[in-house]
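Okay, so here's just one chain, in structure tokens, the form predicted on its own.
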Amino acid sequence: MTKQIDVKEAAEILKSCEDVYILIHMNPDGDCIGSGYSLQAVFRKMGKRAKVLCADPIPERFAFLLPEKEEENFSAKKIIALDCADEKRLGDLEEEYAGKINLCIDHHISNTGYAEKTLVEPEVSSACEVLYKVYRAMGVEFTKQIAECLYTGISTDTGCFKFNCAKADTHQIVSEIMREFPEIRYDQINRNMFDVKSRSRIQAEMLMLSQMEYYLDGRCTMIWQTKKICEENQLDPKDMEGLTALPLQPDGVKVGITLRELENQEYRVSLRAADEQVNVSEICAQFGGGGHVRAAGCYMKGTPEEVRQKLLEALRKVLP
């Protein structure tokens, strides 16, 4: 059983750490990348060794957050997981590090408490927002890299501040970062995160929108990212990442579902809700997953029709 801690205790733990491995979840997004590399920068500023580990490559658009020089190899004395609600989300790292994680800092309400000590604040926008408070409690003087990491994590996890999780405190934190580092091109970060797309990515979005399925009187939409679709349309699977917001675009939709085909009739399922009337985290929990009230995921096995029917049946019971 994990010990739940607060920001002050987490700050004291981080100050005492030496030789740290920082684990972030597979299919990395802006929040886990910003969390991981901001913490690495904090440790380096303190003269300590730290290394970020991820099961998957860091997407090219986040390269500006990475340090110029990678850390040399060393054996970890402490292992910290960031923005990761479940050890399963570590991907290929799970086998080596499951049961060995000393501290987890997260913002997912579905966090399973797998670490020795856990700081979880589900009411905040992002893991980067939690870490901002921890760093301030540590008395850390921010660098430009730390500021860029934190801003990017907060911006991406709030949908460029469109989501309901962007509270007054979130805007206050971002304001403080921007006042301290006015030279950072925050507008350019947002453009690269949300607006700039490759031609094949635009093609992928057009294809998904054209093949979108509607259910439950138009209150639910569903898109399928299958290997066959990628092969037939010569799409790079990387361009199919991050399409989970598309199913929510049509007017009147309450829940959008994105299914991505993996191996052996297994699908990665992402649910997004238009508002708090439907808790998609509870729905995904029925299938061994979890996440946030309005954004959650899980893995499901079966034929396309079996997966479709299970999801629709679960939604039918809760859609207003």
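In this text, residue numbers run from 1 along the sequence as written. The structure presented is a predicted model; accordingly, all values stated were derived computationally and were not measured.
The same protein also exists as the form predicted in complex with another copy of the chain; that form is not shown, yet it is the one meant from here on.
Think of it this way: in the predicted complex, another copy of the chain has a heavy atom of just one of T143, N164, T226, N102 within 4.5 Å, and the residue is N164. Note on the partner interface in the predicted complex: the residue among E232, D236, E123, D195 having a heavy atom within 4.5 angstroms of another copy of the chain is D195. Using a 4.5 Å cut-off to another copy of the chain in the predicted complex, not one of V134, E241 and L259 places a heavy atom inside that distance. Heavy atoms of N73 never reach within 4.5 Å of another copy of the chain in the predicted complex, leaving it off the interface.
Although the partner is absent here, A274 lies within 4.5 Å of another copy of the chain in the predicted complex, judged by heavy atoms. At a distance threshold of 4.5 angstroms between non-hydrogen atoms, R294 is in contact with another copy of the chain in the predicted complex. In the predicted complex, another copy of the chain lies within 4.5 Å of some heavy atom of V253.
Across the options 113 to 121, 93 to 101, 76 to 84, 179 to 187, residues that bring heavy atoms within 4.5 Å of another copy of the chain in the predicted complex belong to 179 to 187.
If you take 141 to 178 and check each residue for a heavy atom within 4.5 Å of another copy of the chain in the predicted complex, you get Y151, C160, F161, K162, F163, N164, A166, K167, A168, D169, H171, Q172, V174, S175, M178, in sequence order.
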